[in-house]
Every structure is written in C-alpha cells, then in structure tokens.
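Given as structure tokens, the chain that follows is alone and in the form predicted on its own.
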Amino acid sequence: MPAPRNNGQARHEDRLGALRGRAALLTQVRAFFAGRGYLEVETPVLGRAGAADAQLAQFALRDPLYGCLYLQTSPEYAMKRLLASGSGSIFQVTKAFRQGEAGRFHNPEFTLVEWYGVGYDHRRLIEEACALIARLVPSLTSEARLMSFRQAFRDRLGIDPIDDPSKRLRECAHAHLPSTRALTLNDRDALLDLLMSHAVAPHFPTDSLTVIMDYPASQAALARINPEGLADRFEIYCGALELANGFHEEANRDEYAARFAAEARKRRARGLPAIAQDEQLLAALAEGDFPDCAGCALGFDRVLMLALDATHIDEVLAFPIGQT
C-alpha cells in the first residue's frame, strides 16, 4: 500500500492542480456563453431578501444600517429582475451560500453557473446545459438520457410518484430504505426527495448524463405548470450526483406571490425563521415585461470534481470550510 500523501508539498501541488483546472474550466464556461450571445452579469451576494424555498437554510447577518441581510442561496431573483428590465439572455458565475451543508458534495460556500435563455423553453435549455457539461467533462461518452420523473420511479421502484397515495410511497421507502422504518414520513415531497436521492438516482449511469423532467406540481418551485398539470422543471444527474436544476420560468407576478406565501407557511409549520419576501422581484414582475425564458443553475464545483476525477469537493476548492 502506498504511503499516505501527508507532506505539505504534496498538498500544495494538489491544490495548485485543482486551481489550474478550475481556471481552465471557467475560461471554457465563459467562451461557451459568449459564443451563444449571452451577456455576463454580476449581481449581489448579499441582499435584504432571501430565497422563499423552505428547504434552504440561509445565512442571515445583522447590519446596523440595513437590518437583516441574507447571503444569497443563488442569484435567481436578482437575475430575474435584470431579465424583466430587458437584459436579454444572461449568465453569471457567482458564489452562493447554504447553511448546514457539508459533506462529500457540499460546502456551505460554493460556485454556481446560472443562466437564462430568452425565448427558450426547458427542453431547449436541457440541450444547452448538456452541451456545456459535455464540453467541460469530455469523459462523459454517452448521450444524455431523458426521462420523466414518473418513469424514473416506475422503472426502479414500480410506483407512480404522481398518482400513488402517500401510504404506497411510505411502504416503498420502508422496503427499499430500511432505516426509514422508524420515521413518520408524512411530508409527501420530502418522501419523494428521499426516494429519488437514495433509491432512484444511485442507479443512474456514471458515464453519461440522466435528465429528469416533468416534476409533480408540488415541486415546481418557480417553474411553469404545463397542461398535464406537471412542472416544466428538470434536473441533470451523473450517477447519483445532481449537477443542475432548471425551469421553463413562470412569469406571472401573482403566481410568484402565491408560491412565496406557500413556502412561508411551510417555514412556519416547520418552526423555521421567517424570510423577508423579495418585494423588488414582485414589483419587477408586476410591470409585465418578464420575457418567456428558461433558466438553469449548474453546480460548478461538482462538475469540476467530475472533470478532475475528484472524490470529495474539498479536493477542488482552494480552501474548504474546514480550512478557512
């Protein structure tokens, strides 16, 4: 067995290699979007409103002049304000922050590539996102496989995640994930997330991308609901690793307000702190100039892990949280 690489020089060389790899991939990202006519933008990472999503734990700061401020979990809301003001197709590379996320694929501070294609629907954006990932990770040899959320569950677990009763889903979780037998599992969406991450996605191929589409309306976030009553949302995986999440974006101000309110109710029910609603975004949407578009957020650090064949996110960061 080889001796562990525990000397300072080895760690220094590893870090420099990851930094060079990161720089090379960032250059490719910018070239990719420049070649497609996107405008690179920069929005604040600190704001007076936070993300509505009840599943996201956010860093809140107290400022003597502005009161409560939030480190942004993504640039989504600010970028949508730019879209409403006529920016056209835009992208950015930015830092994002989520509290309590640490592990093999998580660091509380991470890098996102987020973009919005004006005139795009989610299917066109899927093609673009897969083309970007394939450019950054040439080792992905097979074409991306597209399948619906429903089909992914049917193929692997033999259940219908849309129409089956929650009792059936719980029974499935208990059968495939014995550790859940002691859990109540009353939250249907949390149950579906658990099954996807621990019983479905681990069986996706690791040499190609899997794209999951047509999510339940309850998991729409800010995606449009299509005539079949499903969300025009997608997620892109390599094996069990989620790389990207995207929507055909909802454009109606009242729908946003309703979904923000629904997430606020979830936060209260879970005993989570209230999050200030983004009134600036709602005001921009009320003008009625938000374009038909689709947006995608790509976890850049995870893509870099694939490109460099890293096994832990710490390997591709200059200073992971434990070293700051």
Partner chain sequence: MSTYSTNEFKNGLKIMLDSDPCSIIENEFVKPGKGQAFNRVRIRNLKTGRVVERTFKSGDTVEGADVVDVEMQYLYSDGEFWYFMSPETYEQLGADKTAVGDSAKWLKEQALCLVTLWNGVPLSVEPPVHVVLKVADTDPGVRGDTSGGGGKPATLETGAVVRVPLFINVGDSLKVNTQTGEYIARAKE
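None of these values were measured; they are calculated from a predicted model. Positions refer to the first chain, counted from 1.
Not pictured, yet referred to below: the form predicted in complex with its partner chain.
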Among 48-56, 280-288, 31-39, 253-261, which stretch has residues with heavy atoms no more than 4.5 Å from its partner chain in the model of the complex? 48-56
Quick one: of 102, 131, 225, 146, which gets a non-hydrogen atom within 4.5 angstroms of its partner chain in the model of the complex? 102
Using a 4.5 Å heavy atom cut-off, which residue among 208, 166, 151, 197 comes into contact with its partner chain in the model of the complex? 197
Would residue 118 count as a contact of its partner chain in the model of the complex, using a 4.5 angstroms cut-off between non-hydrogen atoms? no
Report yes if any heavy atom of residue 233 sits within 4.5 Å of a heavy atom of its partner chain in the model of the complex; otherwise report no. yes
Residue-level question: is residue 98 within 4.5 Å of its partner chain in the model of the complex, judged on heavy atoms? yes
Does any part of residue 171 reach within 4.5 Å of its partner chain in the model of the complex? Heavy atoms only, please. no
Is any part of 246-284 within 4.5 angstroms of its partner chain in the model of the complex by a non-hydrogen atom, and which residues would that be? 247
